[in-house]
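Shown next as structure tokens: one chain only, the form predicted alone.
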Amino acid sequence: MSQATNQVAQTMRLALIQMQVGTDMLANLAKAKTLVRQAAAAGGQVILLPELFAQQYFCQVEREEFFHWAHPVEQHPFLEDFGHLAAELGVVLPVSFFERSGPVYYNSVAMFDADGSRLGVYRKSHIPDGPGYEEKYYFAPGDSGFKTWSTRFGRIGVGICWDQWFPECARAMALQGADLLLYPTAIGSEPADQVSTPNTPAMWQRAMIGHAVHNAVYVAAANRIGVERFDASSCTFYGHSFATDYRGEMLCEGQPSFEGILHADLDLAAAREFRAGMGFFRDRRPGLYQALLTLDGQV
């Protein structure tokens, strides 16, 4: 069980890690741990790594051999190490990993509290499918439901990459009392549309800034950088990791060439007060939202 205090956190120092991922898994893990240590040394209390940071983004292509990179939670080769690291440094650490559960595979995050206890696992709910992002080949849609956890430094909800485009995910976590929404991410160029590149960094950020505003919560995403190639496919990951406050004001941002740590100081108490005053949750009409429970809006 977590030893987190029952006292409600008033402030938080958030750290976002933006990193380039190479072909050597052990080197990637070592780099991630070094950056986590540096983030903690600079006062980071909640530290977010990018999506699937242990390997290059293999979902560019469909290969059976990559299923060998998945492991069950209890026998996972590096999750326990990151739990020990969280305890050693006294930090909250969401860790993205490729999960195998029996014959099924998930894109998942394990949430470690500041005492190293694993609070639970979230499985990515929305799975993209398109050229360069062939995730439906590898991952089943998550069955965990949306998750928000009480940690030593505040109540945190975690979605994963494609989840960040869906307002329902953010609203569900906010309804569960999240002070902060985190999104580990792997996003970059669109190989099928090099001219118009529909998922630009600005559009990507605006979607999440909208979540911050209409839920009056802090929101942050950590992305990777660099060019990764598999066969004839390549993707340029564009960074732009960022944090926004509960009014939608940018707190920090990493440019595409930046590898390192971004910090943001969050005033959770002020956000809670502002959120109550805005009345977004007071004025909701759940009884009118039946169309949201269907795929085509027909009730």
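Keep in mind that what you see is a predicted model, and the values were worked out from it rather than measured. Just count from 1 along the sequence shown to find any residue number.
The same protein also has a form predicted together with a further copy of the same chain, omitted here; what follows describes it.
Engineer: Does a further copy of the same chain get within 4.5 angstroms of any non-hydrogen atom of residue 229 in the model of the complex?
Structural biologist: Residue 229 lies outside the contact set for a further copy of the same chain.
Engineer: Would you check, heavy atoms only and a 4.5 Å threshold, whether residue 162 touches a further copy of the same chain in the model of the complex?
Structural biologist: Yes - in the model of the complex, heavy atoms of residue 162 and a further copy of the same chain come within 4.5 Å of each other.
Engineer: Taking the shortest heavy atom distance, is residue 8 within 4.5 Å of a further copy of the same chain in the model of the complex?
Structural biologist: No, residue 8 is distant from the partner.
Engineer: With a cut-off of 4.5 Å between heavy atoms, is residue 84 one of the residues that contacts a further copy of the same chain in the model of the complex?
Structural biologist: No - in the model of the complex, heavy atoms of residue 84 and a further copy of the same chain never come within 4.5 Å of each other.
Engineer: Given the stretches 220 to 228, 203 to 211, 110 to 118, 70 to 78, which is the single one in contact with a further copy of the same chain in the model of the complex, using a heavy atom cutoff of 4.5 Å?
Structural biologist: Only one stretch qualifies here: 203 to 211.
Engineer: If you check 146, 138, 149, 98 against a further copy of the same chain in the model of the complex, which one has a heavy atom within 4.5 Å?
Structural biologist: Checked against the cut-off, the match is 146.
Engineer: At 4.5 angstroms, heavy atoms only, are 127, 274 and 284 all close to a further copy of the same chain in the model of the complex?
Structural biologist: Yes: 127, 274 and 284 each sit within 4.5 Å of a further copy of the same chain in the model of the complex.
Engineer: Can you name the residues of 147 to 183 that have a heavy atom within 4.5 Å of a further copy of the same chain in the model of the complex?
Structural biologist: Residues within 4.5 Å: 162, 165, 166, 167, 168, 171, 172, 175.
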